[in-house]
Structures are given as structure tokens and as C-alpha cells.
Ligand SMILES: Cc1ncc(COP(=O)(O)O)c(C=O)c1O
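One chain comes next, on its own, written as C-alpha cells: the form predicted on its own.
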């Protein structure tokens, strides 16, 4: 087993910062249980080491995005409850039993498949029922029809309704009117269940944005995701919730050359030097999560100064203009996301420049780049 990353490009994941963010979440959540969202390999940070820290610092339940992710967590040795946020295919319900995983269901038919698997295993299976209060994704309708279907699911032998699950569509937008409407629908749905003699169990709807801005939506359990990793949902004020970014992306200069004025750089000759320039090459590109749309817009930090990314970003490499940075040498460390001195480049900045969200930026950097874990 190699002890080195084998590349001059890597991500650093600061587990101390992760623990700090989790402590902020616990304080904000109050008496609510915390369902820590570690889907997509913990947003690219590494689900196994991240989950260990989150459980040590107060998470009650882990939430995976898919059955495959949940199985991987269980096989990694986690004995805690694991909730699957997506739907489990009918023909895979036996895996829920084998790995003692908690599914979300959104139809009587799917619930019947889960019940059959539970009967075959000779056990009872806890399930959450999803209600669509306005996300338009999965869930029974938040009306009498949906309540009746949930009551049918509740009545199935070998199943136990552990809770009701919903998700916000606009909790991260400045106007909270629609999010409050979703909360009202959720509360009304749970009341319909009670009138029908069905205990809704653990109610959970609050994502990161709702946890910060919608105290009436916290219910019994909250589901923080992006804030665990140090990014604020859109509209959140950093000073009100001082998160610490967990992931940094770094590289070393692999090649340095001085070129004359009029030299084209990279594919398509979209950038041409306007002066004699010092161009450095870095060994990471869009296959490593550096968005190609950052071409002509991005910047890095090297030797405490900002330097622009120039030319089209390649699959495995990119170039930066370090003409105005004194003393640059091959092997110098470059920050593509993170901080150095008083300079900082955030996932939010990269997302804004490329027309996407910080979530996608973190997940992208977390796929191919090797990870180095530090205790900050």
C-alpha cells in the first residue's frame, strides 16, 4: 500500500472542522434528533471517516442516498440506524432485511414489497413514509388520499411506521412563504394521520436551510447536509452561523515556463498572452471536479497571492498565470479551494462563477482526487 497520494493534486479534509460544524448543528437543533446526511460519499468528503466523526459528536442516525451507499456503510462496520433517503426497488427489499436498513417508501405497492421481505425474514421492518408537500419528487399527496394510503401502509403486517418524511424545495431562498406553506401541509398531514388513529412517529422535514431559518419546521428530527461540510445554504448569513469549510483542494506546480506575448494557451486557443508571461501547469482538471465552465473565470492562490486560471481547463491539467507572483517555483503549493493567509476561495465562489451550487462542487472534487485527512 502506497503511503503517498501518487499525485501532485489532492483534497484535504479537516475532521476537526467537521466536528466543530456538528457541534453548531447540535446546538441549533436543540432537543431534535440529528439525522446526518452522508450521501454521495459524504458530499465527496469520504463517508466512512466522516460518519465516524459525526457519530462521535452527536449524530443519532446516518442518512444515505441509495441502497448501495447504505450497504457500504453497514459493511464498513457502522451499527447505528441508517436511513435511505431514496426509494428501494421492490426486488431489492430483501437487502433491507439482511443489512438492517431503514427505507423510505412512497406507495402502498412498494410498502407491500418491503412487508413481504420482512415476513420472509421473520421480522418486523421500520419504515418512513414520504409525503410530497411541494418538492414534486417522491411522496404520497398531503391530503386525505395520501393519509389513507399511509394508513394502509401502517396496517401492513411486519411493518412499523417509524416516521413521516418530507423535503423542502425553497427553504434556501430569501422568500420563505412557500417553505412555510410546505410546513403547514406537513403539519396538517400528520394531524390527518392522528385523526385516523395512526401515530406519525418521528417527523422529519428540516434540511440545512430549514434548520437555520425555519424553527417551526424542526419537528422531531433534522437532516443537516451541506452545513456539516462548512458551506452555507443560499441566503444564510455566515456571521449568524460561523461554519468552517471542511474540504480544501490543493495542487503543486508540475511545470513552469516563460512564454512570449501572443502565445496561445490550451485547447481552442481561447486565451492568448498579452505580454511575456510565466505560465504554470497543475496536474488536475475537469475529471477531478474543477469545472470546465471555470475557464476564463477562475483563480487560485499561490504564495499568498491570487493568480488566474488561463486557457481551457483540460481533463487532467490546467494552467495558471503566475507572472505577477514573485518567487514561484515548480513544486509550489497552489490552493484551488480553501484559504492561505488572508486569501480564500470557497465552494460557493466556484459554484457562483460556474452557474451551479456548492453541493455539486464538493461532490465533484471528492470523486477522483486522493483525500488527505487531518485533525484540525
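Numbering follows the first chain given and starts at 1. Being a predicted model, the structure only gives us computed values, none of them experimental.
There is also a form predicted in complex with this ligand; it is not shown, and the following applies to it.
Q: Can you pick the one in 201, 298, 225, 230 that has a heavy atom within 4.5 Å of this ligand in the predicted complex?
A: Going through each option in turn, the one that passes is 225.
Q: Answer with one of 277, 102, 207, 170: the residue that has a non-hydrogen atom within 4.5 Å of this ligand in the predicted complex.
A: Contact with this ligand in the predicted complex is made by 207 alone.
Q: Since the chain is shown here on its own, which stretch among 241 to 249, 90 to 98, 217 to 225, 257 to 265 would lie within 4.5 Å of this ligand in the predicted complex, judged by heavy atoms?
A: That would be 217 to 225.
Q: Is residue 322 close enough to this ligand in the predicted complex to count, meaning some heavy atom within 4.5 Å?
A: Heavy-atom contact with this ligand at 4.5 Å: absent for residue 322.
Q: Is residue 165 close enough to touch this ligand in the predicted complex, meaning at least one heavy atom pair within 4.5 Å?
A: So residue 165 counts as contacting this ligand.
Q: Report yes if any heavy atom of residue 37 sits within 4.5 Å of a heavy atom of this ligand in the predicted complex; otherwise report no.
A: Answer yes; at least one heavy atom of residue 37 falls within 4.5 Å of this ligand in the predicted complex.
Q: Taking heavy atoms only, is residue 359 within 4.5 angstroms of this ligand in the predicted complex?
A: Taking the distances in the predicted complex, the answer for residue 359 is yes, it comes within 4.5 Å of this ligand.
Q: Heavy atoms within 4.5 Å of this ligand in the predicted complex is the criterion; list the residues of 296 to 315 that meet it.
A: The stretch 296 to 315, when checked against this ligand in the predicted complex, contributes no residue at the 4.5 Å heavy-atom cut-off.
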